[in-house]
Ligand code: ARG
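Consider the single chain below, provided in structure tokens and representing the form predicted on its own.
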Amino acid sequence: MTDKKEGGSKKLWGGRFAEGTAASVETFTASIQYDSRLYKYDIAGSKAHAAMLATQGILSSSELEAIVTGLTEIGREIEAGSFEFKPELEDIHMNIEKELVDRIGPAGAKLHSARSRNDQVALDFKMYLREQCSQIIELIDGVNRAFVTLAREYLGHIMPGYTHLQRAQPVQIAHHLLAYYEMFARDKSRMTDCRKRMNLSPLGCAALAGTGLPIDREQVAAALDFDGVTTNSMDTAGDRDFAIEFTSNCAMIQLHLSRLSEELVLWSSQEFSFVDISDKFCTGSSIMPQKKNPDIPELIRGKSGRVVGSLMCLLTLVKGLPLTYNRDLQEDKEPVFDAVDTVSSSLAIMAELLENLKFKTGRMAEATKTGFITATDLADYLVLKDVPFREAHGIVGQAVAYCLEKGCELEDLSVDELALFSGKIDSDVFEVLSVEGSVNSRLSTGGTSLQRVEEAVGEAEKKLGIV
């Protein structure tokens, strides 16, 4: 049940242990099955650390050369899939270090001078996440390019805008699309800020108190493209704010994807029939031959639960931890890795889906003809005739009630009929009661008029480099 070497432990950290670790503990504590994806960051960090140790005279030039050569070889083997990971060595750090020591001898055993697995894993995790930040930002740009391309294509076409899922006011299709562009632009901004905040090197803080060896943390930070170093060793050893912030940003992205997916599911239904999702992104039914199911939006909507769950996992993990490092923090990686994989794949396939999406502009325009969606315009018309808005609101409400009894829309009423509700109403009222007039009257900054939306499309194209 235990592994023993001359009555003691054969772990690299096992000097004070009289017995080896129980086999059940080996299995329970191992993380190599998932943290192996950090290998290239671990190797890069170790090379930079070794170079600094050599600069400081802690390693000789020949020892540095042996370490760098050994780490390079190990990296190639992991990349090729020929490296044998050993669960009994717990994690990626110990697997690489033990293999290095076995290959090059005492020089490899010197590599861990002035560092702990606590600051080592924080380094690897930060390097991994800052790369993921950059990759997710690129994927967000891909989705936003699709939105802006669609907005340009459908500029001038009108649809109903909704509140409470009830037809509210007419808007341009492009304006609706640009609403999502703005959401994902904020996601990009948050991810950019997150990357900036996490880009401080933790290496050299060691277990929790720093090190008495003569090291140069700034040299390592510069070699690994960090903006600087963390300033408190205790905070650094137990810090996972960067992982929580990153996963929070992922959750926000997935929520935005989920909201978009919900609309695509609704819009592709026969009840709405606003869009045609390409057959390439739909599936059929095993029993109903007529079905065309929007499975991709449904799956993206469903996967939001996974990413939100990952965030909740991290928040719960950290909430009760005392300073500094605790083994609980080993549980931080799986939820983050899952969030990365889920968000990345969802963004990529959503961009593809949008690039193949078609709007049924005739059906959308037809949907603006019912539901009294220019009622607010009539109220605004009265306001410009010096009627207080609350009074105007009541007047229009009475007119709507009249239309409901008569079975018609506001624009179907004659001037004389409309004048029954207010003597301020004249023949020019029909300019604002038309859907086109309503849309193009919305000239306020951020409004849905053709002029404002065309400006917004042009600005978005500039930001995304769309020529």
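Just so it is clear, the model here is predicted, and its values are computed rather than measured. In case it trips you up, residue 1 is the first one in the sequence shown, and so on.
Unshown form predicted in complex with arginine (ARG); subsequent notes refer to it.
Residue contact check for Arg117: one or more of its heavy atoms lie within 4.5 Å of arginine (ARG) in the predicted bound form. Residue contact with arginine (ARG) in the predicted bound form: Ser422 places no heavy atom within 4.5 Å of it.
Using a 4.5 Å cutoff between non-hydrogen atoms, Thr324 does not count as a contact of arginine (ARG) in the predicted bound form. In the predicted bound form, arginine (ARG) lies farther than 4.5 Å from every heavy atom of Arg190.
Checking Arg152, Arg103, Arg306, Lys333 against arginine (ARG) in the predicted bound form, a heavy atom within 4.5 Å turns up for just one residue: Lys333. Between arginine (ARG) and the residues Cys133, Val171, Leu353, Val121, the one pair within 4.5 Å by heavy atoms in the predicted bound form involves Val121.
Remark: of stretches 391 to 399, 89 to 97, 253 to 261, 374 to 382, the one touching arginine (ARG) in the predicted bound form is 89 to 97 (heavy atom within 4.5 Å).
Residues of 33 to 47 that come within 4.5 Å of arginine (ARG) in the predicted bound form, judged by any heavy atom, reduce to Asp35 alone.
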